[in-house]
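Here you get one chain, nothing else, as structure tokens; it is the form predicted on its own.
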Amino acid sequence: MNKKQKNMSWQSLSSIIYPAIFGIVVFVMWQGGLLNILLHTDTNTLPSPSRINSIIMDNQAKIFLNLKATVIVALVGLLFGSLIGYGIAIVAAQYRKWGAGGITLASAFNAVPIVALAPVMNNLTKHISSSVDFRSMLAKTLVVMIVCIAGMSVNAYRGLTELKPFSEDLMKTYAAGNFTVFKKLLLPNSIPYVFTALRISLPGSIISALVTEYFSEKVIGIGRQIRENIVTAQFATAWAYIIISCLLGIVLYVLLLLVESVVMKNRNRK
């Protein structure tokens, strides 16, 4: 192994070691109460990790029920938002004269604050069904879906239009139809961009789900439990749900990276 390879290996290793050391130091300070002293907070406002862990262990059934509701909203909204965003990108790529403007318009929706979208969606869906469960789930999913559309449409559009020089012309010389061009050229070229969009949209979908639960009719979900426990001054329980939401984001993001590595590895072999 030469010097350059050693430096690259150390850089990769240090990107893991340094954050891990920082996390351990913060955890020790938090558990030992030093963090409370530095931040001038009491143990009720900022409970120790051991107390938070005991609350999680004692309320596993309730936490799982709320976690399930949040995961469903986040993933369903991500799925449909990504599909719609990719569909917009396909249309924009086919009509490039107007496509860039359409993508810009789709991106504008990403600038709308989630706290503004959530009440609007609640009002729009309040007469759709007599079931509170269905109305609440639909409103939250729509907000997450809207948030995820922009990222996917922008990145997928790049993947469908930023092709290798003359590759599209080469396909046409072979008399390939539109579907064949899409299947053999555009779709494979867009895959890395799709995963880039998902890496952006996945954390956004979880955050969107948590925020929309603050305003939902149905009192369920990690976000709603954080709000309810803060309002009633049950800060330790609120921290338990905050930790669960952080772990949810980390786990889903790691799973996405694993799927991406497998897909990209198989793609590169072809």
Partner chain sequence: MAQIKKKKNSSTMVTLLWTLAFFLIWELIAFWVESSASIRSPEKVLPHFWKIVAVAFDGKTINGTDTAIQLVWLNAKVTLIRSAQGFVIGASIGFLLAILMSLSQIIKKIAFPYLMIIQMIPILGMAPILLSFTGDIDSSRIIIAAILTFYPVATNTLAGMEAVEKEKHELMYSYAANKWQLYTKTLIPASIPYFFTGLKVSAPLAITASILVDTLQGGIGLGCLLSQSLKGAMTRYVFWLIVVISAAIGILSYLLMGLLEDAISSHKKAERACKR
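Take the two forms, find the largest set of C-alpha atoms that superpose within 1.5 Å, and that set is the rigid core. Quick caveat: nothing in here was measured; it's all calculated off a predicted structure. Residue numbers count along the first chain shown, from 1.
Separately, the form predicted in complex with the partner chain exists; it is not shown, and the next lines address it.
The partner is absent here, but in the model of the complex a heavy atom of Thr41, alone among Thr232, Gln31, Gln60, Thr41, sits within 4.5 Å of the partner chain. In the model of the complex, Leu67 stays away from the partner chain, with no heavy atom inside 4.5 Å. In the model of the complex, the partner chain sits within 4.5 Å of a heavy atom belonging to Ile114. The partner chain is not shown here, but in the model of the complex it comes within 4.5 Å of a heavy atom of Phe109.
Residue contact with the partner chain in the model of the complex: Leu83 places no heavy atom within 4.5 Å of it. Residues within 4.5 angstroms of the partner chain in the model of the complex, judged by any non-hydrogen atom, belong to 115-123 and to none of the other stretches in 141-149, 115-123, 180-188, 73-81. For a residue to qualify, one of its non-hydrogen atoms must sit within 4.5 Å of the partner chain in the model of the complex; none of Ser50, Gly87 and Ser130 qualifies. Interface residues of 82-106, taken as those with a heavy atom within 4.5 Å of the partner chain in the model of the complex (partner not displayed): Lys97, Trp98, Gly101, Gly102, Thr104, Leu105, in sequence order. The Cα position of Ile21 differs by 2 Å or more between the shown form and the other one after fitting on the rigid core.
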